[in-house]
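Consider the single chain below, provided in structure tokens and representing the form predicted on its own.
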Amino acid sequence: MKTVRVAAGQGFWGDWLEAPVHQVEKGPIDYLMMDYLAEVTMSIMMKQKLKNPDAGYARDFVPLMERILPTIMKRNIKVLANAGGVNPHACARAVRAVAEKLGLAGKLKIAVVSGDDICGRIGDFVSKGHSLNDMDSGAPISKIQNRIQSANVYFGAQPMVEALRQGAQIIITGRVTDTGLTLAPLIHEFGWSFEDWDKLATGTIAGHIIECGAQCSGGNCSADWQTIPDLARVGFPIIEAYDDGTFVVTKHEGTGGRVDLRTVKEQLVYEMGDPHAYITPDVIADFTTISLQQEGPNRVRVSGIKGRPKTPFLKVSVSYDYGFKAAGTLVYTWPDAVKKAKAGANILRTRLADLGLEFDEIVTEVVGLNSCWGPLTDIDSPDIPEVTMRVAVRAQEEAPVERFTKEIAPLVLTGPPSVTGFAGGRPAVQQIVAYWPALIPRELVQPKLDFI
């Protein structure tokens, strides 16, 4: 039976840079998929593009490709990455320049998938009756229309399948689904129909399992985490897929980490939502039909997956300006560390009130006591050697937040004793980017495929 091996190389923008190098060098693979985009990432990249028209993509991707291009070409490994962010063509040109530097440009076919950016079309959609309501609150997008920073449609596997059909060695995309980066090679290699819902669901769940990189092969794993071997050299996951709609989750031999039922199950429930209806642009996958079997060391077989027809909509990820924020910290030490931190925070709040400053929100945390568990923490717990007082504020205007940043340092000499940890200096004011999920009829937006 034909086998296709799809390896995960990055789970987010900023993931371990050695992982894709190990994936292409430590054993046979057919495809390397790299997922760079989270919702907030698109707004960050848009800010970069507004400052520099040649920016707006995952910069780490280009030097990484310089490292692995010779091996990729030698072993005929194809790469799919949504590293293009909001400027996939610029990303592709940068990779082309690297290929020319290595003398490989004439042998390399780079595809670019774009068309997902609809920021400039929001007004037209609204005028034609498409309200793009917030999926959580139901509010119309007109409520935040003048503050929108980015708006991108999630495309599925189809444009990447077409790129592979036309011989692409590297596919660089904007906002495509994480799962589509794995599904596309399987559709292409096995010739699956775009209406074979069970097969599409299989490829989608395969993509979901490996989209977060080592999170399914031992990283960030709560299941006996202390027994997971050699996380310093953790092996990123690989999908061994078969035409019958089954696949095995594994990793290269000799690498650290672990692939077993527990690590795979933890990743399966990550961002799952309704287990009966995991909705993507390609298919609706039913997670309740998944069957898992440990078939050997670091090998989990997945089978039995069922799917249903895709919906008539595509999801839109919108980011918009939501004001300003800043957070400052001080470290208080024994004795009475917790009491000192709480007293320092109360002094700060009093001074802010005396200045007449108004904020949408003020959040106080005692890191080491209640920053993770909040009100569930036992506030009467015994004193501990050291804690960090963290105070954060949010406001629509920048001025009160800027003034807040000047009130942290004075606590060093005008508040409780034994304070330290202000070596980082005055906290910076940051713009808040909020998330607005919406749906749009899929016929209104079409992907675009180019070759560079």
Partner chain sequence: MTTVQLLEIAHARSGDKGDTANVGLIALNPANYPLLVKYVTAEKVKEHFRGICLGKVERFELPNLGALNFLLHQSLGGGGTLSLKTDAQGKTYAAALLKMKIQLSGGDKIAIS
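Keep in mind that what you see is a predicted model, and the values were worked out from it rather than measured. Residue numbers count along the first chain shown, from 1.
Below, we refer to the form predicted together with the partner chain, which is not included among the displayed structures.
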Candidate site Met272, Leu292 and Val363: all three near the partner chain in the model of the complex by heavy atom within 4.5 Å: yes
Interface residue in the model of the complex among Thr377, Ser193, Ser127, Asn346, criterion: non-hydrogen atom within 4.5 angstroms of the partner chain: Thr377
Residue among Lys78, Lys340, Lys325, Arg258 with a heavy atom within 4.5 Å of the partner chain in the model of the complex: Lys325
Residue contact check: Glu266 to the partner chain in the model of the complex, 4.5 Å heavy atom: yes
In the model of the complex, Arg403 touching the partner chain (heavy atom, 4.5 Å): no
Ile72: touches the partner chain in the model of the complex, heavy atom cutoff 4.5 angstroms: no
Any non-hydrogen atom of Val62 within 4.5 angstroms of the partner chain in the model of the complex: no
Answer range among 53-61, 28-36, 392-400, 408-416 for contact with the partner chain, defined in the model of the complex as heavy atoms within 4.5 Å: 392-400
Residues in 214-228 close to the partner chain in the model of the complex, defined by a heavy atom within 4.5 Å, in order: Gln215, Gly219, Asn220, Cys221, Ser222, Ala223
